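Next up is one chain by itself, shown in structure tokens, the form predicted alone.
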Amino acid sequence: MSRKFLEDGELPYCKGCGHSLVANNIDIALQKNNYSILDIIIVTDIGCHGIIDKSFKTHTIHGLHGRSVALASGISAGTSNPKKKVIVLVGDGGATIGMQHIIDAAHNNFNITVIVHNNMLYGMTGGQPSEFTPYGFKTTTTPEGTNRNGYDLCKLAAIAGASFVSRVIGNVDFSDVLSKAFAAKGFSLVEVMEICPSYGVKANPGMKLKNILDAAGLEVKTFVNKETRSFETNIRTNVKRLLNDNENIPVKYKSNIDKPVNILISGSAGEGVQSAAEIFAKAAVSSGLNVSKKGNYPVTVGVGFSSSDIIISPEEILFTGTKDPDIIIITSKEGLDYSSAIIKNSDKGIIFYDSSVSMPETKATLIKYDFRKRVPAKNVSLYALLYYVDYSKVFPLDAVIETLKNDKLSSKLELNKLLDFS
């Protein structure tokens, strides 16, 4: 049978690698099931198997190591189209890293087929054992043979709730098994047992794959083949969009700036840096300016620093980066620690900083103020930005006041304290 889903010519694998047989069997099985090329979505990840992407004529997606099943689950749920076939190609290394994704996908019965290229080791990174390496199999880091059996992935997938699960030896035509897996409703998995010619054969001379499987108790059979109800995406039509298409900030005020102003405000988590920057940005828009805002903070959102880069400009903003800010506002030690390199290299502009921090040497103009002593910690960032607006007159202070009054935060603020700069 000539190829339909694969490009003609040699496949990109080592000579004798079972991955080539897997790819060819996939092509044959898809033809048996009468799929069209554009109805197939192949999802791969890091590993020798993943270099097949360029050889498929279908849609292909290449993800991070071990995450191909998670990607495929999202694609299946997102498309929610039984006419589209989502096929995951993953190695035993990727299956080790993403085992929970496989179990969850089987449990939810996502409409995908996972084909595990199990050559019993990490072939791309040097031939180390995976969690599916059978007892006694020798690898580069276990030259005496592994001292325990790996997981039985087929049993795990079957128990989790898969519709179809089968293990095959990848040195024969197993396209009929793949055909059944592709036809199954819901989650199906085929584990293809192979030998890596670069590491497996050299470390295990004379090894017979069937003997290895028998010794490990890994049965070559179909574990599950049942009619089940596959995952169905619950499409809600009455959900309000997160983005408000109708939000429009009218221009009521005027700014006198004639060039972009780059502002960095940096403080601590819990000081309202991001919400304050949002208020400032909206006030700038209401003053006829173009605005960009980027927030930055660590993964642990509630601790450490929090900063925001803001650009206000009378002209269109084509690049949102701020390498050397015109204005730097520092409200805490965490904010200073995060911004210290920028401050040391600054050779222009003004730095407004709280009196509780010690500023490093810089060529910028320094203005010290007791931001933290004047208002509660949660309002420090907003107070500092209001102070800057009052000091610089970049746009009217009234623009910020009106923006605040229209914001949900207004009920929690003591506006008279926020506007006291004496």
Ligand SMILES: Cc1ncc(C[n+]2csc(CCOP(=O)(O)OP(=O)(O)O)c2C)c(N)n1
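What you see is a predicted model, and the numbers here were worked out from it, not measured in a lab. The numbering used is simple: start at 1 and walk along the sequence shown.
The form predicted together with this ligand exists for this protein as well; it is not shown, and the discussion that follows is about that form.
Taking non-hydrogen atoms only, N290 never approaches this ligand to within 4.5 angstroms in the model of the complex.
Taking non-hydrogen atoms only, L121 approaches this ligand to within 4.5 angstroms in the model of the complex. The closest heavy atom approach of V389 to this ligand in the model of the complex falls outside 4.5 Å. Looking at S230, you'd find every heavy atom of it more than 4.5 angstroms from this ligand in the model of the complex. Shown here without its partner, the chain carries C48, G91 and I97, all of which come within 4.5 Å of this ligand in the model of the complex through at least one heavy atom. Between the options N225, N108, S275, T125, the residue in contact with this ligand in the model of the complex by a heavy atom within 4.5 angstroms is T125. This chain is displayed without this ligand, yet in the model of the complex the stretch 113-121 from 113-121, 208-216, 340-348, 264-272 comes within 4.5 Å of it by heavy atoms. For the stretch 305-323, the set of residues having any non-hydrogen atom within 4.5 angstroms of this ligand in the model of the complex is empty.
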